[in-house]
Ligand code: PAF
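The chain below stands alone, shown as structure tokens; this is the form predicted on its own.
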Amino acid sequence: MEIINTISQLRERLARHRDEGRSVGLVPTMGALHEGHASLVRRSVRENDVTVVSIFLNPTQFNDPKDLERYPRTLDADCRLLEQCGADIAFAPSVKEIYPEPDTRRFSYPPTDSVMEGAMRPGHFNGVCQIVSKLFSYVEPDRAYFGEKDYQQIAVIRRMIDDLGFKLEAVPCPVVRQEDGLALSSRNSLLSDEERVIAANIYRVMNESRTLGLPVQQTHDYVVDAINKIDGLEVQYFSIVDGDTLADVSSWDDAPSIVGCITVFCGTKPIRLIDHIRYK
């Protein structure tokens, strides 16, 4: 596996591959890789001739400087994992390489980017669109792979792909969970062992809510109340939405696909965890 730090070198390497007719897959990451990321990389390796994995902690999608500061940074371990998974190129640029000048572009795709994470983290999805659009332009992939744990992010990126006319397939990949149901996340490394056990209740409660046969509002209230009763957990939001538009639903008949998206603070620090569950 080759580690590349500059855009010009990346483009040069990929031009050679394209001249030979090879397909290219891209897995965008912010590093601190785990088995969830590894599953995306392995899928890209299966489905493409060349797999590029970006490792870039993107500052423009953090509206809280403290959150950016404590995000895990594990580049050496990340590269070892990528090599084991069969990746061909790890693209690990500096912030100055990606943003030699401030990126002043503005992206707006309501309601997809204005609800839930968009409402709680102003500017977050604008930063996501800035970096992902840059990566698409550098790599020009045939396919790009995203984990479904960040459910809303995939919906926003799809809107951006249509808006900017990128010729690629955005491939959503299933959430990878621990045996107790906790969704794998880079932020999990910030949890203590005790907090990890507590955090597993997030998915447990959402899963239970699917079996109760309650109306939408009562399902919402059950999840929020049950999680908030657990010492060490506090729900920031839980939204039950159309799986495509992310608009709120009031009835299970409102949309063919319905998803519950949640963000919960865990522990005394606290660590912000996101997850989702499909109701239909």
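One-based numbering along the sequence shown. All figures in this text were calculated on a predicted structure; none of them were measured in a lab.
Omitted here: the form predicted in complex with pantoate. The next part is about that form.
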Segment that reaches pantoate in the model of the complex - one of 28-36, 45-53, 224-232, 247-255, heavy atoms within 4.5 Å: 28-36
Work out which of V128, M160, I98, M116 lies within 4.5 Å of pantoate in the model of the complex, going by heavy atoms. V128
Tell me, out of N201, S209, S185, Q153, which residue has a non-hydrogen atom within 4.5 angstroms of pantoate in the model of the complex. Q153
Taking pantoate as it sits in the model of the complex, is V132 near enough to touch it, meaning that at least one heavy atom pair lies within 4.5 angstroms? yes
Considering only heavy atoms, tell me if T219 and pantoate come within 4.5 Å of each other in the model of the complex. no
Heavy atoms within 4.5 Å of pantoate in the model of the complex: does F146 have any? yes
Does S239 reach pantoate in the model of the complex if we count a contact as any heavy atom within 4.5 Å? no
